[in-house]
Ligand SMILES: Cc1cc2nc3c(=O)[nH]c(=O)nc-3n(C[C@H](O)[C@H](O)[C@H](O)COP(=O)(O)OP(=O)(O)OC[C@H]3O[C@@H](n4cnc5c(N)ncnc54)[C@H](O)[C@@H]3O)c2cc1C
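A lone chain, given as structure tokens: the form predicted alone.
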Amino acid sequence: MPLRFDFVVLGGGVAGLSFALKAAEHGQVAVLTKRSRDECNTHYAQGGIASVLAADDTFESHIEDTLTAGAGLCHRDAVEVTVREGPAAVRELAALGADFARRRGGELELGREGGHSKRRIVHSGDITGREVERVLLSACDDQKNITFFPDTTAIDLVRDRQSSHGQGRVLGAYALTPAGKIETYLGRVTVLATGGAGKVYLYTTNPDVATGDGVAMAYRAGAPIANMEFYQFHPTCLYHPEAKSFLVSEALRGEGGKLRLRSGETFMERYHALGALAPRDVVARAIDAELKRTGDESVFLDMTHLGRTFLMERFPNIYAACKAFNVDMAVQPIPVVPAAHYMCGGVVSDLDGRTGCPGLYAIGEVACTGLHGANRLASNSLLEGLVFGARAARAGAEEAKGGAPSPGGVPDWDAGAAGDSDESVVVSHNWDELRRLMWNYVGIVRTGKRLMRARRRLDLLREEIREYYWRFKVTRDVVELRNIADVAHLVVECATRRKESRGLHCTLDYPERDDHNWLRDTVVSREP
């Protein structure tokens, strides 16, 4: 029998938990997380939450910084909503017990990051995401209307097969339980809060759960997807064979860190007036260009002039992680390289999180609200999750007042003739090949020829994966492989369509920005 709730939330990061906490005041909430409850991109966010809280800061300044970073593609209404509703969201988080850094007088200590004209980053040292996750989980635990289902992998969205016209309403999701069974989770409202898709690339700052599940499921259900060509590569990840692309926060550059070549020469002033504090797309491309020019394996982030005491107090987590890999950032520069970090496109959604599929909402990194445009401004992501989680909960509560889905409209899971696999090597091989070809052909700098090669190989891989998916019983590995293949297809499709360079999409075939023809979103959808 299906499990029935008022709200089904897929994902347990800042957006999903913010939604769950508010929605629980109006009904029963199920929160499905693919692994443990706190294993998500939010948990690993280092920098902080951008918000206008200083006396010398203004909403207009934060809005303009966001619009500038977004390279002309931000939707101004989404930017204004996020910025103007941000301070209240931050204060509410603090009231729940978030331990934000404060000065001696008790006021919040605000940091600065690339692309920001003011100090406006609320932080908990360099583990802000972990603190946000802790506080929200604790608050959810105090709410009796919220039930968590950890280690539960969403497979596909459930749609109403009795819909008489148009797009069938989304009724919930099929999911693989820890016991290996496939259960149906039904809700009056279904919320995608599944985060990003960094694992589509070979090198990423993201945890293993970031396989683009929400985007892939929404695409298969017929929801419009937009701007997937704009994948942000974080400029500074620790370069070490055992570090698994450990993120070195932008906040280090905000506090005066200098980017140097192996020779000791600084180089960012050649690329942007803000130097090392330029927006991420500029810094990542600059580093990529310098590595190609010099043949070096990394550049270096120099913090040595700031002193050991300051570094240990301001960046205790990063300091300890670097030290574990024999890099003492107090006396030696940190070797860094870019890695896939943040998805600026996603499931098209409005200012309340509604998507093109009735009954389906998308919030956080999985959504494309227009906030980020062609490039995300640093530390706007946790802010987005807080603001849109609350907005979607208000809208979803109104929608949930309608009737529950009729039992006849819920299709059972069909396993077909699937059996146990004796060819699991197919999964691991295709997983590696797909991520490698995306890194080599659809990375920081692209060409039409590289995209064409990627498309041809992806078509073959997706067919192999589709055949394997239907022949054998579903496992989490197969679900994730199927999803990153669909996400890769969307990235290549959007990148192929955009005949210009803008923000995070840089193509050597069309090196200039073209506002006349391309000042618009790239939208892709399929028939459900």
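Start at 1 and count along the sequence shown; that's the residue number. Just so you know, these numbers come straight off a predicted model, no measurement behind them.
If you look for the form predicted together with the named molecule, you will not find it shown, but the lines that follow are about it.
In the predicted complex, the named molecule lies within 4.5 Å of some heavy atom of residue 152. With a 4.5 Å cutoff on heavy atoms, residue 32 counts as touching the named molecule in the predicted complex. None of the heavy atoms of residue 219 is located within 4.5 Å of the named molecule in the predicted complex. Not displayed here, the named molecule is approached by residue 45 to within 4.5 Å at the level of heavy atoms in the predicted complex. Shown without its partner, this chain lists 172, 346, 364, 353 as candidates; in the predicted complex, only 364 has a non-hydrogen atom within 4.5 angstroms of the named molecule.
Among the residues 193, 189, 158, 200, the one placing a heavy atom within 4.5 Å of the named molecule in the predicted complex is 193. Of the stretches 209 to 217, 94 to 102, 329 to 337, 260 to 268, only 209 to 217 has residues with a heavy atom within 4.5 Å of the named molecule in the predicted complex.
Residues of 245 to 268 placing a heavy atom within 4.5 Å of the named molecule in the predicted complex: 247 alone.
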